[in-house]
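A lone chain, given as structure tokens: the form predicted alone.
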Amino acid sequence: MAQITIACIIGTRPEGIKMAPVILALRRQPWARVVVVLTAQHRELADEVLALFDIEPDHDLNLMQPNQTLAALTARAVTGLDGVMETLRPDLVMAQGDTTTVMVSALVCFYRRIPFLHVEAGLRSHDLQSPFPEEFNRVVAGRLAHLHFAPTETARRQLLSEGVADDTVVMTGNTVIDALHQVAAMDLPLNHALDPARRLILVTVHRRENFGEPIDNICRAFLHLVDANPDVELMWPVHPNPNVTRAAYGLLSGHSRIHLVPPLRYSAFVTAMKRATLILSDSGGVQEEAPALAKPVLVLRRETERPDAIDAGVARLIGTEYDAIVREAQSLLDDPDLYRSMAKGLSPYGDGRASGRIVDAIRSRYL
């Protein structure tokens, strides 16, 4: 059987998590030659998750630089990925999501007339400024993609409404659920001392639109929640961006029941989610993962391109105002019926078999 070369491009930890099940599934196919290209838009965070899934990059562009601007990152990514495509001459290129790496991958494929396959296609907030620059990135990737792997029916309908041909859209479910099931089954240790008698609030904050006043409001709300509930402790794996570390450590350091820790390995973060009572986050991936683990998630954003969990009642969009954060979190801590209504273990994002559907779609279309 003839082989086709598929370049799988990864830039950040979330991309590594969501691409890993696809890469592993493709590697099992005799017709697929898989080449993993790491831009390292986020260096250490991407490295650790690839190691977890035993994936070694074939090409590493090592793009990450301190305090890099979007323009500089984009320019280096275009040049670096174009050079890799010149060397590899792949039959197909695949990337996931909405980062600068993904947008540039689609652009370079357009220049070189290589079919680009977009995993997690069709997410939209309908505001190019929020999330920034992710909404722009995924719109560009969606315009240039040859094949769109939509994680939900909502995403599929969105693509069709934009004029994307129906036969190029495949509703697969989200590959993050594939990865989550695999890692959750490992039951790996967290390696951070938490009091088992206390309820854990797990939080993550990293989006650019939350820098400044919003993250200060978020921190003040976290402090209030912990002070108002002696049986609660809070864990925050703090993103290394200085805008995040300034607020987190400046406003929350020194509290005995607030654990500010470095970014967790994905395996440890899954363990932390399993241990948590409640999760507050502005992360897209957490919005997908937490419901599958029966954990209510409060979304620290004004809008979300992942409305399915909101519609299913397993997540709530609460914004970044101090009063709203305190009110919504306290309600879940106080009201067992409300808590149970959100902790359903219902995932609107898939059944853990998305990767197989992606492989089947590639085989059907390109072999």
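All residue numbers refer to positions in the sequence shown, first residue = 1. All values reported here derive from a predicted model rather than from experimental measurement.
There is another form of this protein, the form predicted in complex with a small molecule, and it is not shown here; the text below is about that form.
So which of Arg257, His206, Arg220, Arg199 gets a non-hydrogen atom within 4.5 Å of the small molecule in the model of the complex?
Looking at Arg257, His206, Arg220, Arg199 one by one, just His206 meets the 4.5 Å heavy-atom criterion.
Here the chain is shown alone; which of Arg265, Arg156, Lys295, Arg124 has a heavy atom within 4.5 Å of the small molecule in the model of the complex?
By the 4.5 Å criterion, the partner-contacting residue is Arg265.
Do heavy atoms from each of Pro14, Pro237 and Glu289 fall within 4.5 Å of the small molecule in the model of the complex?
Judged in the model of the complex, Pro14, Pro237 and Glu289 all sit within 4.5 Å of the small molecule.
Using heavy atoms and a 4.5 Å limit, would one call Val164 a contact residue for the small molecule in the model of the complex?
Output for Val164 is no: heavy atoms all beyond 4.5 Å of the small molecule.
Does Phe116 make contact with the small molecule in the model of the complex, using a 4.5 Å heavy atom cut-off?
It does not: once the small molecule is placed as it appears in the model of the complex, Phe116 has no heavy atom within 4.5 Å of it.
Can any non-hydrogen atom of Gly284 be found within 4.5 angstroms of the small molecule in the model of the complex?
Contact check for Gly284: yes, within 4.5 Å of the small molecule in the model of the complex.
Met273 versus the small molecule, in the model of the complex: is there a non-hydrogen atom within 4.5 Å?
Although the small molecule is absent here, Met273 would touch it in the model of the complex, with heavy atoms inside 4.5 Å.
Out of 184-192, 265-273, 81-89, 221-229, where are the residues with a heavy atom within 4.5 Å of the small molecule in the model of the complex?
Going by heavy atoms within 4.5 Å, the stretch is 265-273.
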